[in-house]
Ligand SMILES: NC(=O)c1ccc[n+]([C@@H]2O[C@H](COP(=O)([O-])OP(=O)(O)OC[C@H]3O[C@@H](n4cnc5c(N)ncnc54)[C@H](O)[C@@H]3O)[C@@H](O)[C@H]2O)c1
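The chain that follows stands alone, in the form predicted alone, written as C-alpha coordinates.
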(Lines give C-alpha, C1' and ligand atoms only; values in the text may rest on other atoms or scores of the structure.)
Protein backbone atom coordinates (compact mmCIF):
# COMPACT_ATOMS: atom_id res chain seq x y z
CA UNK A 1 0.00 0.00 0.00
CA UNK A 2 1.43 3.38 -1.00
CA UNK A 3 0.59 6.78 0.37
CA UNK A 4 1.27 9.96 -1.54
CA UNK A 5 2.30 13.30 -0.14
CA UNK A 6 1.33 16.43 -2.07
CA UNK A 7 3.67 18.67 -0.11
CA UNK A 8 6.99 19.80 -1.50
CA UNK A 9 9.54 17.27 -0.31
CA UNK A 10 11.80 18.58 2.41
CA UNK A 11 14.97 16.56 2.53
CA UNK A 12 18.00 17.04 4.74
CA UNK A 13 20.88 18.66 2.92
CA UNK A 14 24.25 17.01 2.80
CA UNK A 15 26.67 18.54 5.21
CA UNK A 16 28.96 20.94 3.40
CA UNK A 17 31.99 18.79 2.58
CA UNK A 18 35.56 19.93 2.67
CA UNK A 19 36.76 21.10 -0.71
CA UNK A 20 39.68 18.78 -0.18
CA UNK A 21 37.89 15.58 0.72
CA UNK A 22 40.04 12.54 0.19
CA UNK A 23 37.41 10.95 -2.05
CA UNK A 24 38.49 11.52 -5.67
CA UNK A 25 35.92 11.91 -8.43
CA UNK A 26 37.06 11.48 -12.01
CA UNK A 27 34.64 13.96 -13.50
CA UNK A 28 32.03 16.40 -12.36
CA UNK A 29 29.25 14.17 -11.06
CA UNK A 30 31.24 10.96 -11.54
CA UNK A 31 30.05 8.40 -9.05
CA UNK A 32 32.74 5.78 -9.51
CA UNK A 33 34.56 5.10 -6.28
CA UNK A 34 38.33 4.83 -6.60
CA UNK A 35 41.14 4.37 -4.09
CA UNK A 36 42.52 7.62 -2.71
CA UNK A 37 45.80 8.51 -4.39
CA UNK A 38 47.08 10.80 -1.67
CA UNK A 39 46.03 12.56 1.45
CA UNK A 40 45.45 16.25 1.06
CA UNK A 41 45.14 19.04 3.59
CA UNK A 42 41.58 19.90 4.56
CA UNK A 43 40.35 23.41 3.87
CA UNK A 44 40.13 24.15 7.59
CA UNK A 45 43.94 24.30 7.71
CA UNK A 46 43.90 27.39 5.51
CA UNK A 47 41.08 29.03 7.41
CA UNK A 48 42.82 28.40 10.71
CA UNK A 49 46.06 29.82 9.34
CA UNK A 50 44.22 32.96 8.27
CA UNK A 51 42.63 33.22 11.71
CA UNK A 52 46.10 33.07 13.28
CA UNK A 53 47.40 35.84 11.07
CA UNK A 54 48.66 33.70 8.19
CA UNK A 55 47.24 34.14 4.69
CA UNK A 56 46.67 31.74 1.81
CA UNK A 57 48.58 32.42 -1.41
CA UNK A 58 46.86 33.16 -4.71
CA UNK A 59 48.83 32.91 -7.96
CA UNK A 60 47.47 35.19 -10.71
CA UNK A 61 48.93 33.76 -13.92
CA UNK A 62 47.34 36.20 -16.40
CA UNK A 63 46.48 39.90 -16.37
CA UNK A 64 43.58 40.64 -14.01
CA UNK A 65 41.82 43.95 -13.39
CA UNK A 66 43.09 46.07 -10.50
CA UNK A 67 39.78 45.85 -8.62
CA UNK A 68 40.07 42.07 -8.52
CA UNK A 69 43.69 42.18 -7.38
CA UNK A 70 42.84 44.59 -4.54
CA UNK A 71 39.97 42.37 -3.42
CA UNK A 72 42.29 39.34 -3.33
CA UNK A 73 44.94 41.23 -1.35
CA UNK A 74 42.46 41.90 1.45
CA UNK A 75 42.37 38.17 2.19
CA UNK A 76 45.43 36.52 0.65
CA UNK A 77 49.01 36.95 -0.44
CA UNK A 78 48.87 37.63 -4.18
CA UNK A 79 51.63 36.56 -6.57
CA UNK A 80 51.16 38.04 -10.06
CA UNK A 81 53.39 36.05 -12.43
CA UNK A 82 52.44 36.29 -16.10
CA UNK A 83 53.56 34.34 -19.17
CA UNK A 84 54.72 31.33 -17.17
CA UNK A 85 55.82 28.28 -19.14
CA UNK A 86 54.08 24.99 -18.23
CA UNK A 87 57.21 23.95 -16.35
CA UNK A 88 57.36 27.23 -14.41
CA UNK A 89 53.68 26.97 -13.50
CA UNK A 90 54.16 23.45 -12.19
CA UNK A 91 57.13 24.61 -10.11
CA UNK A 92 55.28 27.54 -8.50
CA UNK A 93 51.95 25.83 -7.93
CA UNK A 94 53.07 23.73 -4.95
CA UNK A 95 53.35 26.97 -2.96
CA UNK A 96 49.87 28.23 -3.86
CA UNK A 97 46.39 27.69 -2.45
CA UNK A 98 44.56 29.23 -5.42
CA UNK A 99 45.26 29.93 -9.09
CA UNK A 100 43.55 32.48 -11.35
CA UNK A 101 43.87 32.24 -15.14
CA UNK A 102 42.20 33.52 -18.27
CA UNK A 103 42.08 31.52 -21.51
CA UNK A 104 45.80 31.50 -22.29
CA UNK A 105 47.04 29.26 -19.46
CA UNK A 106 46.53 25.51 -19.57
CA UNK A 107 45.70 24.12 -16.13
CA UNK A 108 46.56 20.52 -16.92
CA UNK A 109 46.63 17.34 -14.86
CA UNK A 110 50.34 17.95 -14.36
CA UNK A 111 49.54 21.23 -12.60
CA UNK A 112 47.25 19.48 -10.12
CA UNK A 113 49.76 16.69 -9.59
CA UNK A 114 52.52 19.25 -8.97
CA UNK A 115 50.39 21.07 -6.39
CA UNK A 116 50.71 18.03 -4.08
CA UNK A 117 47.21 18.65 -2.76
CA UNK A 118 47.72 22.28 -1.72
CA UNK A 119 45.80 23.87 -4.60
CA UNK A 120 42.21 24.32 -3.42
CA UNK A 121 40.58 26.49 -6.07
CA UNK A 122 41.16 27.48 -9.69
CA UNK A 123 39.44 30.67 -10.85
CA UNK A 124 38.79 31.20 -14.56
CA UNK A 125 38.38 34.91 -15.31
CA UNK A 126 35.72 34.42 -17.96
CA UNK A 127 33.10 31.89 -18.98
CA UNK A 128 34.78 29.03 -20.86
CA UNK A 129 36.81 26.47 -18.92
CA UNK A 130 38.20 24.47 -21.86
CA UNK A 131 41.74 25.19 -20.65
CA UNK A 132 41.15 23.58 -17.22
CA UNK A 133 41.24 19.80 -16.74
CA UNK A 134 38.01 19.48 -14.76
CA UNK A 135 38.37 15.75 -14.16
CA UNK A 136 41.83 16.21 -12.66
CA UNK A 137 40.66 19.20 -10.61
CA UNK A 138 37.84 17.20 -9.06
CA UNK A 139 40.03 14.16 -8.52
CA UNK A 140 42.57 16.23 -6.59
CA UNK A 141 39.95 17.96 -4.50
CA UNK A 142 40.19 21.34 -6.22
CA UNK A 143 37.14 23.50 -6.86
CA UNK A 144 36.94 25.31 -10.22
CA UNK A 145 35.00 28.59 -10.44
CA UNK A 146 34.41 31.01 -13.30
CA UNK A 147 32.94 34.46 -13.97
CA UNK A 148 29.89 33.86 -16.18
CA UNK A 149 27.91 37.10 -15.95
CA UNK A 150 30.20 40.13 -15.91
CA UNK A 151 30.81 40.30 -19.67
CA UNK A 152 27.20 40.00 -20.85
CA UNK A 153 26.74 43.65 -21.87
CA UNK A 154 30.20 43.82 -23.45
CA UNK A 155 29.45 40.81 -25.66
CA UNK A 156 26.07 42.26 -26.66
CA UNK A 157 27.61 45.64 -27.52
CA UNK A 158 30.27 43.96 -29.63
CA UNK A 159 27.56 42.06 -31.50
CA UNK A 160 25.80 45.33 -32.31
CA UNK A 161 29.13 46.94 -33.28
CA UNK A 162 29.81 44.15 -35.75
CA UNK A 163 26.25 44.33 -37.04
CA UNK A 164 26.56 48.05 -37.87
CA UNK A 165 30.14 47.81 -39.14
CA UNK A 166 29.20 44.98 -41.48
CA UNK A 167 26.12 46.76 -42.81
CA UNK A 168 28.14 49.87 -43.65
CA UNK A 169 31.38 48.15 -44.76
CA UNK A 170 33.36 50.05 -42.13
CA UNK A 171 36.36 47.73 -41.97
CA UNK A 172 36.72 47.37 -45.74
CA UNK A 173 36.29 51.10 -46.38
CA UNK A 174 38.83 51.93 -43.67
CA UNK A 175 41.41 49.60 -45.24
CA UNK A 176 40.68 51.08 -48.66
CA UNK A 177 41.19 54.70 -47.57
CA UNK A 178 44.40 53.82 -45.73
CA UNK A 179 45.62 52.22 -48.96
CA UNK A 180 45.20 55.59 -50.72
CA UNK A 181 41.89 54.81 -52.44
CA UNK A 182 38.58 56.68 -52.43
CA UNK A 183 35.87 54.15 -53.41
CA UNK A 184 32.56 55.61 -52.31
CA UNK A 185 30.53 53.69 -54.89
CA UNK A 186 32.09 50.33 -53.96
CA UNK A 187 31.19 50.51 -50.28
CA UNK A 188 27.51 51.43 -50.42
CA UNK A 189 25.94 49.78 -47.38
CA UNK A 190 22.47 48.69 -46.29
CA UNK A 191 20.21 50.26 -43.67
CA UNK A 192 19.29 48.52 -40.42
CA UNK A 193 15.98 50.29 -39.78
CA UNK A 194 12.99 48.19 -40.76
CA UNK A 195 15.09 45.05 -41.32
CA UNK A 196 14.43 41.76 -39.56
CA UNK A 197 17.07 40.50 -37.13
CA UNK A 198 16.87 36.88 -36.00
CA UNK A 199 18.54 36.36 -32.61
CA UNK A 200 19.47 32.68 -32.41
CA UNK A 201 19.70 31.91 -28.70
CA UNK A 202 17.70 34.14 -26.37
CA UNK A 203 19.82 33.97 -23.22
CA UNK A 204 21.56 36.81 -21.42
CA UNK A 205 23.59 38.09 -24.39
CA UNK A 206 20.93 37.36 -27.00
CA UNK A 207 18.25 39.27 -25.12
CA UNK A 208 20.59 42.27 -24.63
CA UNK A 209 21.34 42.29 -28.36
CA UNK A 210 17.59 42.22 -29.04
CA UNK A 211 16.99 45.25 -26.79
CA UNK A 212 19.65 47.27 -28.61
CA UNK A 213 18.50 46.20 -32.06
CA UNK A 214 14.96 47.34 -31.23
CA UNK A 215 16.45 50.74 -30.43
CA UNK A 216 17.92 50.82 -33.94
CA UNK A 217 14.46 50.38 -35.42
CA UNK A 218 14.87 46.74 -36.38
CA UNK A 219 12.13 44.12 -36.24
CA UNK A 220 13.50 41.43 -33.93
CA UNK A 221 12.55 37.77 -33.87
CA UNK A 222 14.27 35.06 -31.86
CA UNK A 223 14.65 31.31 -31.83
CA UNK A 224 15.29 29.50 -28.58
CA UNK A 225 13.26 26.34 -27.90
CA UNK A 226 13.49 26.84 -24.17
CA UNK A 227 13.14 30.60 -23.71
CA UNK A 228 9.95 31.72 -21.94
CA UNK A 229 7.67 33.49 -24.41
CA UNK A 230 6.60 36.08 -21.82
CA UNK A 231 10.20 37.26 -21.39
CA UNK A 232 10.49 37.74 -25.16
CA UNK A 233 7.17 39.56 -25.38
CA UNK A 234 8.24 41.92 -22.60
CA UNK A 235 10.85 43.45 -24.90
CA UNK A 236 8.83 43.17 -28.10
CA UNK A 237 10.44 40.07 -29.56
CA UNK A 238 8.57 37.25 -31.30
CA UNK A 239 9.75 33.68 -30.64
CA UNK A 240 9.65 31.65 -33.85
CA UNK A 241 10.76 28.25 -35.11
CA UNK A 242 14.30 27.64 -36.33
CA UNK A 243 13.24 27.34 -39.97
CA UNK A 244 11.05 30.47 -39.79
CA UNK A 245 13.94 32.45 -38.36
CA UNK A 246 16.22 31.34 -41.20
CA UNK A 247 13.65 32.01 -43.91
CA UNK A 248 12.60 35.51 -42.84
CA UNK A 249 15.73 37.13 -41.40
CA UNK A 250 17.71 39.86 -43.15
CA UNK A 251 20.33 39.61 -40.40
CA UNK A 252 21.12 36.65 -38.14
CA UNK A 253 22.96 37.09 -34.83
CA UNK A 254 24.20 33.91 -33.13
CA UNK A 255 24.13 33.61 -29.34
CA UNK A 256 23.72 29.89 -28.75
CA UNK A 257 26.10 27.73 -26.72
CA UNK A 258 28.30 25.16 -28.41
CA UNK A 259 26.75 21.78 -27.61
CA UNK A 260 26.48 18.55 -29.64
CA UNK A 261 23.08 19.78 -30.81
CA UNK A 262 24.36 23.17 -32.02
CA UNK A 263 27.72 22.10 -33.46
CA UNK A 264 27.80 23.30 -37.10
CA UNK A 265 24.10 24.11 -36.90
CA UNK A 266 24.68 26.59 -39.73
CA UNK A 267 25.72 24.33 -42.61
CA UNK A 268 25.03 23.80 -46.30
CA UNK A 269 21.50 22.58 -45.54
CA UNK A 270 20.57 25.48 -43.28
CA UNK A 271 22.22 28.11 -45.49
CA UNK A 272 20.01 26.88 -48.33
CA UNK A 273 16.93 27.76 -46.24
CA UNK A 274 17.98 31.38 -45.71
CA UNK A 275 16.79 34.46 -47.55
CA UNK A 276 19.27 35.31 -50.31
CA UNK A 277 21.50 38.17 -49.21
CA UNK A 278 21.29 37.44 -45.49
CA UNK A 279 24.01 38.84 -43.23
CA UNK A 280 25.40 36.87 -40.27
CA UNK A 281 27.02 37.96 -37.00
CA UNK A 282 28.69 35.50 -34.62
CA UNK A 283 29.96 36.53 -31.17
CA UNK A 284 29.03 33.19 -29.56
CA UNK A 285 31.20 30.16 -30.39
CA UNK A 286 33.02 29.45 -33.63
CA UNK A 287 31.93 25.82 -33.77
CA UNK A 288 28.25 26.62 -34.33
CA UNK A 289 29.10 27.50 -37.96
CA UNK A 290 30.48 25.09 -40.55
CA UNK A 291 33.14 27.51 -41.77
CA UNK A 292 33.73 25.80 -45.12
CA UNK A 293 29.97 25.86 -45.79
CA UNK A 294 29.90 29.57 -44.93
CA UNK A 295 32.58 30.26 -47.54
CA UNK A 296 30.49 28.39 -50.12
CA UNK A 297 27.39 30.36 -49.13
CA UNK A 298 29.29 33.64 -49.44
CA UNK A 299 30.63 32.71 -52.87
CA UNK A 300 27.15 31.66 -54.01
CA UNK A 301 25.60 34.93 -52.85
CA UNK A 302 23.29 33.26 -50.34
CA UNK A 303 25.12 35.07 -47.55
CA UNK A 304 25.92 38.66 -48.49
CA UNK A 305 28.27 39.35 -45.58
CA UNK A 306 29.47 37.88 -42.30
CA UNK A 307 30.99 39.46 -39.18
CA UNK A 308 32.82 37.03 -36.94
CA UNK A 309 34.44 37.42 -33.53
CA UNK A 310 34.92 33.69 -32.88
CA UNK A 311 36.30 30.78 -34.88
CA UNK A 312 36.47 27.02 -34.72
CA UNK A 313 40.25 27.30 -34.32
CA UNK A 314 41.63 30.32 -32.48
CA UNK A 315 43.63 31.97 -33.76
CA UNK A 316 42.48 30.84 -37.22
CA UNK A 317 45.05 29.82 -39.84
CA UNK A 318 46.65 32.77 -41.61
CA UNK A 319 45.55 31.41 -44.98
CA UNK A 320 41.94 30.88 -43.89
CA UNK A 321 39.63 31.49 -46.85
CA UNK A 322 36.94 32.67 -44.47
CA UNK A 323 39.14 35.24 -42.72
CA UNK A 324 40.54 36.51 -46.02
CA UNK A 325 37.14 36.73 -47.74
CA UNK A 326 36.48 40.30 -48.87
CA UNK A 327 32.91 40.24 -47.53
CA UNK A 328 33.83 39.02 -44.08
CA UNK A 329 34.62 41.31 -41.13
CA UNK A 330 36.66 39.69 -38.36
CA UNK A 331 37.83 40.55 -34.85
CA UNK A 332 40.07 38.45 -32.53
CA UNK A 333 37.52 37.28 -29.93
CA UNK A 334 36.91 40.74 -28.48
CA UNK A 335 33.39 40.11 -27.15
CA UNK A 336 34.38 40.59 -23.52
CA UNK A 337 37.17 43.07 -24.16
CA UNK A 338 36.00 46.31 -22.64
CA UNK A 339 37.62 47.99 -19.65
CA UNK A 340 34.38 47.75 -17.69
CA UNK A 341 33.84 44.06 -18.48
CA UNK A 342 37.41 43.20 -17.59
CA UNK A 343 37.01 44.90 -14.21
CA UNK A 344 33.68 43.14 -13.67
CA UNK A 345 35.16 39.76 -14.52
CA UNK A 346 38.10 40.44 -12.21
CA UNK A 347 35.80 41.23 -9.29
CA UNK A 348 33.49 38.29 -9.99
CA UNK A 349 36.27 35.71 -10.14
CA UNK A 350 38.12 37.22 -7.16
CA UNK A 351 34.97 37.06 -5.02
CA UNK A 352 34.43 33.43 -6.02
CA UNK A 353 38.03 32.47 -5.21
CA UNK A 354 38.01 34.21 -1.83
CA UNK A 355 34.67 32.62 -0.97
CA UNK A 356 35.98 29.17 -1.84
CA UNK A 357 39.10 29.69 0.27
CA UNK A 358 36.81 30.61 3.17
CA UNK A 359 35.02 27.28 2.73
CA UNK A 360 31.87 28.69 1.12
CA UNK A 361 30.07 26.84 -1.68
CA UNK A 362 30.43 28.98 -4.80
CA UNK A 363 27.40 29.51 -7.05
CA UNK A 364 29.76 29.77 -10.04
CA UNK A 365 31.47 26.44 -9.40
CA UNK A 366 31.80 24.26 -12.49
CA UNK A 367 32.77 21.01 -10.82
CA UNK A 368 31.22 19.18 -7.92
CA UNK A 369 32.31 19.26 -4.30
CA UNK A 370 33.03 15.96 -2.64
CA UNK A 371 30.17 13.71 -1.52
CA UNK A 372 30.59 10.97 1.12
CA UNK A 373 31.65 7.67 -0.42
CA UNK A 374 28.83 5.67 1.14
CA UNK A 375 26.20 8.02 -0.34
CA UNK A 376 27.72 7.81 -3.83
CA UNK A 377 28.07 4.04 -3.70
CA UNK A 378 24.41 3.49 -2.91
CA UNK A 379 23.01 6.21 -5.18
CA UNK A 380 25.29 5.59 -8.16
CA UNK A 381 22.70 3.93 -10.48
CA UNK A 382 19.95 6.31 -9.33
CA UNK A 383 22.18 9.31 -10.04
CA UNK A 384 22.57 8.07 -13.62
CA UNK A 385 18.84 7.40 -13.86
CA UNK A 386 18.03 10.90 -12.62
CA UNK A 387 20.21 12.68 -15.19
CA UNK A 388 18.94 10.58 -18.09
CA UNK A 389 15.30 11.11 -17.16
CA UNK A 390 16.01 14.85 -17.20
CA UNK A 391 17.67 14.57 -20.61
CA UNK A 392 14.74 12.59 -22.00
CA UNK A 393 12.13 14.95 -20.59
CA UNK A 394 13.68 18.15 -21.94
CA UNK A 395 14.05 16.66 -25.43
CA UNK A 396 10.31 15.96 -25.45
CA UNK A 397 9.50 19.66 -25.00
CA UNK A 398 8.36 21.27 -28.25
CA UNK A 399 10.21 24.40 -29.32
CA UNK A 400 8.85 27.76 -28.26
CA UNK A 401 6.72 26.58 -25.34
CA UNK A 402 9.33 27.27 -22.66
CA UNK A 403 9.99 25.22 -19.53
CA UNK A 404 9.11 26.71 -16.14
CA UNK A 405 7.73 24.05 -13.81
CA UNK A 406 9.13 20.58 -13.17
CA UNK A 407 7.88 18.14 -10.56
CA UNK A 408 10.03 15.24 -9.43
CA UNK A 409 8.41 12.35 -7.59
CA UNK A 410 10.36 9.77 -5.61
CA UNK A 411 8.81 6.48 -4.48
CA UNK A 412 10.60 4.95 -1.51
CA UNK A 413 10.06 2.78 1.53
CA UNK A 414 12.62 4.79 3.48
CA UNK A 415 11.92 7.51 5.95
CA UNK A 416 12.67 11.14 5.00
CA UNK A 417 15.77 11.23 7.19
CA UNK A 418 17.24 8.20 5.42
CA UNK A 419 16.99 9.52 1.86
CA UNK A 420 18.81 12.69 0.87
CA UNK A 421 17.63 13.63 -2.62
CA UNK A 422 19.75 16.74 -3.19
CA UNK A 423 22.20 14.91 -5.43
CA UNK A 424 19.34 13.34 -7.39
CA UNK A 425 17.62 16.71 -7.83
CA UNK A 426 20.89 18.23 -8.98
CA UNK A 427 21.34 15.47 -11.56
CA UNK A 428 17.81 15.93 -12.88
CA UNK A 429 18.53 19.66 -13.16
CA UNK A 430 21.77 18.84 -14.95
CA UNK A 431 19.88 16.64 -17.43
CA UNK A 432 17.23 19.32 -18.00
CA UNK A 433 19.58 22.27 -18.51
CA UNK A 434 22.92 21.09 -19.93
CA UNK A 435 21.56 19.83 -23.30
CA UNK A 436 20.14 23.29 -24.04
CA UNK A 437 22.83 25.58 -22.65
CA UNK A 438 26.55 26.00 -22.06
CA UNK A 439 26.11 25.94 -18.27
CA UNK A 440 27.90 23.26 -16.25
CA UNK A 441 25.45 22.03 -13.62
CA UNK A 442 26.65 20.32 -10.45
CA UNK A 443 25.74 19.71 -6.84
CA UNK A 444 26.89 23.21 -5.91
CA UNK A 445 25.12 25.31 -8.54
CA UNK A 446 22.09 23.21 -9.55
CA UNK A 447 19.47 25.11 -7.55
CA UNK A 448 21.08 28.47 -8.36
CA UNK A 449 21.18 27.67 -12.09
CA UNK A 450 17.55 26.52 -12.14
CA UNK A 451 16.43 29.67 -10.34
CA UNK A 452 18.48 31.85 -12.67
CA UNK A 453 16.68 30.32 -15.67
CA UNK A 454 13.25 30.75 -14.07
CA UNK A 455 12.87 27.00 -13.62
CA UNK A 456 10.91 25.90 -10.53
CA UNK A 457 11.66 22.34 -9.48
CA UNK A 458 9.50 20.82 -6.76
CA UNK A 459 9.89 17.40 -5.19
CA UNK A 460 7.20 15.04 -3.95
CA UNK A 461 7.43 11.69 -2.25
CA UNK A 462 5.34 8.53 -2.37
CA UNK A 463 5.80 6.54 0.81
CA UNK A 464 5.83 2.80 0.13
CA UNK A 465 5.33 -0.07 2.52
CA UNK A 466 7.96 -2.77 2.45
CA UNK A 467 11.69 -3.27 2.87
CA UNK A 468 13.86 -0.13 2.64
CA UNK A 469 16.77 -2.18 1.29
CA UNK A 470 16.88 -0.11 -1.90
CA UNK A 471 16.78 3.68 -1.56
CA UNK A 472 14.17 4.17 -4.31
CA UNK A 473 11.53 2.23 -6.19
CA UNK A 474 11.14 4.74 -9.03
CA UNK A 475 11.76 8.35 -10.04
CA UNK A 476 9.22 10.31 -12.07
CA UNK A 477 9.81 13.63 -13.87
CA UNK A 478 6.92 15.80 -15.06
CA UNK A 479 7.14 19.08 -17.01
CA UNK A 480 4.00 21.21 -16.84
CA UNK A 481 2.55 23.84 -19.17
CA UNK A 482 4.50 22.85 -22.27
CA UNK A 483 3.77 21.27 -25.62
CA UNK A 484 5.38 17.95 -26.49
CA UNK A 485 7.17 16.72 -29.60
CA UNK A 486 5.66 13.31 -28.82
CA UNK A 487 2.00 13.62 -27.86
CA UNK A 488 1.93 10.20 -26.20
CA UNK A 489 4.36 11.44 -23.55
CA UNK A 490 1.63 13.66 -22.08
CA UNK A 491 -0.07 12.45 -18.91
CA UNK A 492 -3.79 12.53 -18.32
CA UNK A 493 -3.26 15.93 -16.67
CA UNK A 494 -1.47 17.42 -19.69
CA UNK A 495 2.13 17.19 -18.47
CA UNK A 496 5.12 15.54 -20.11
CA UNK A 497 5.80 12.51 -17.90
CA UNK A 498 8.66 10.01 -17.87
CA UNK A 499 9.39 7.45 -15.18
CA UNK A 500 12.30 5.16 -14.54
CA UNK A 501 13.58 2.40 -12.27
CA UNK A 502 16.91 0.76 -11.52
CA UNK A 503 16.93 -2.96 -12.37
CA UNK A 504 19.98 -5.06 -11.55
CA UNK A 505 21.99 -1.86 -11.19
CA UNK A 506 20.99 -0.54 -14.64
CA UNK A 507 18.67 2.48 -15.22
CA UNK A 508 15.50 1.66 -17.20
CA UNK A 509 12.81 3.85 -18.72
CA UNK A 510 9.57 2.28 -17.50
CA UNK A 511 6.83 4.77 -18.37
CA UNK A 512 6.20 7.41 -21.04
CA UNK A 513 3.00 9.37 -20.49
CA UNK A 514 0.42 6.70 -19.66
CA UNK A 515 2.23 3.92 -21.51
CA UNK A 516 4.26 1.27 -19.68
CA UNK A 517 7.55 0.46 -21.42
CA UNK A 518 10.84 -1.14 -20.37
CA UNK A 519 14.04 -0.09 -22.11
CA UNK A 520 17.55 0.41 -20.76
CA UNK A 521 18.75 4.00 -20.73
CA UNK A 522 21.83 3.40 -22.84
CA UNK A 523 22.82 4.89 -26.19
CA UNK A 524 19.73 6.60 -27.60
CA UNK A 525 16.01 5.88 -27.77
CA UNK A 526 13.38 5.94 -30.50
CA UNK A 527 9.79 6.26 -29.28
CA UNK A 528 7.00 5.32 -31.69
CA UNK A 529 3.24 5.50 -31.22
CA UNK A 530 1.63 2.95 -33.49
CA UNK A 531 -1.43 0.92 -34.22
CA UNK A 532 -0.97 -2.31 -32.24
CA UNK A 533 -0.69 -4.94 -34.96
CA UNK A 534 1.58 -7.89 -35.80
CA UNK A 535 4.94 -7.28 -37.49
CA UNK A 536 5.66 -3.79 -36.20
CA UNK A 537 8.79 -4.78 -34.27
CA UNK A 538 10.12 -6.62 -37.31
CA UNK A 539 9.35 -3.74 -39.66
CA UNK A 540 11.16 -1.11 -37.62
CA UNK A 541 13.97 -3.52 -36.73
CA UNK A 542 14.55 -4.24 -40.42
CA UNK A 543 14.82 -0.52 -41.25
CA UNK A 544 17.43 -0.06 -38.54
CA UNK A 545 19.23 -3.25 -39.55
CA UNK A 546 19.55 -2.05 -43.14
CA UNK A 547 21.27 1.08 -41.76
CA UNK A 548 23.60 -1.06 -39.61
CA UNK A 549 22.12 0.50 -36.46
CA UNK A 550 22.30 -1.97 -33.58
CA UNK A 551 19.18 -2.34 -31.42
CA UNK A 552 20.11 -3.04 -27.79
CA UNK A 553 16.61 -3.20 -26.32
CA UNK A 554 12.99 -3.01 -27.47
CA UNK A 555 9.76 -2.81 -25.52
CA UNK A 556 6.08 -2.25 -26.39
CA UNK A 557 3.46 -0.84 -24.06
CA UNK A 558 -0.18 -0.74 -25.15
CA UNK A 559 -3.60 0.39 -23.99
CA UNK A 560 -5.34 -2.78 -25.15
CA UNK A 561 -4.75 -5.43 -27.85
CA UNK A 562 -5.15 -4.10 -31.40
CA UNK A 563 -5.43 -0.52 -30.11
CA UNK A 564 -2.66 2.04 -29.71
CA UNK A 565 0.80 1.12 -28.45
CA UNK A 566 4.10 2.86 -27.74
CA UNK A 567 7.27 1.11 -28.84
CA UNK A 568 10.53 2.11 -27.15
CA UNK A 569 13.68 1.11 -29.02
CA UNK A 570 17.16 1.46 -27.58
CA UNK A 571 19.85 1.97 -30.24
CA UNK A 572 23.64 2.14 -29.95
CA UNK A 573 24.09 4.56 -32.86
CA UNK A 574 22.21 7.53 -34.25
CA UNK A 575 20.15 6.50 -37.31
CA UNK A 576 20.49 8.58 -40.45
CA UNK A 577 17.78 11.05 -41.39
CA UNK A 578 16.79 8.67 -44.19
CA UNK A 579 16.28 5.79 -41.73
CA UNK A 580 14.20 7.96 -39.42
CA UNK A 581 12.10 9.09 -42.38
CA UNK A 582 11.48 5.47 -43.33
CA UNK A 583 10.28 4.75 -39.81
CA UNK A 584 7.96 7.74 -39.94
CA UNK A 585 6.59 6.59 -43.30
CA UNK A 586 5.45 3.22 -41.94
CA UNK A 587 1.63 3.50 -42.25
CA UNK A 588 0.85 2.11 -38.81
CA UNK A 589 3.20 4.56 -37.03
CA UNK A 590 1.28 7.67 -35.97
CA UNK A 591 4.20 9.61 -34.43
CA UNK A 592 7.77 9.04 -33.40
CA UNK A 593 10.71 10.87 -31.85
CA UNK A 594 14.46 10.23 -31.61
CA UNK A 595 16.05 11.08 -28.24
CA UNK A 596 19.79 11.23 -27.52
CA UNK A 597 21.12 10.22 -24.13
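No experiment lies behind these values; they were computed from the predicted model shown. Positions refer to the first chain, counted from 1.
There is also a form predicted in complex with the ligand; it is not shown, and the following applies to it.
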So, in the model of the complex, is residue 224 in contact with the ligand at a 4.5 angstroms heavy atom limit?
-> yes
Determine whether any heavy atom of residue 310 comes within 4.5 Å of a heavy atom of the ligand in the model of the complex, and answer yes or no.
-> yes
With the cut-off set at 4.5 Å between non-hydrogen atoms, does residue 257 touch the ligand in the model of the complex?
-> yes
Heavy atoms within 4.5 Å of the ligand in the model of the complex: does residue 128 have any?
-> yes
Residue stretch of 407-415, 196-204, 68-76, 506-514 approaching the ligand in the model of the complex, non-hydrogen atom distance within 4.5 Å | 196-204
Residue among 90, 265, 235, 464 with a heavy atom within 4.5 Å of the ligand in the model of the complex | 265
Which residue among 111, 284, 220, 99 has a heavy atom within 4.5 angstroms of the ligand in the model of the complex?
-> 284
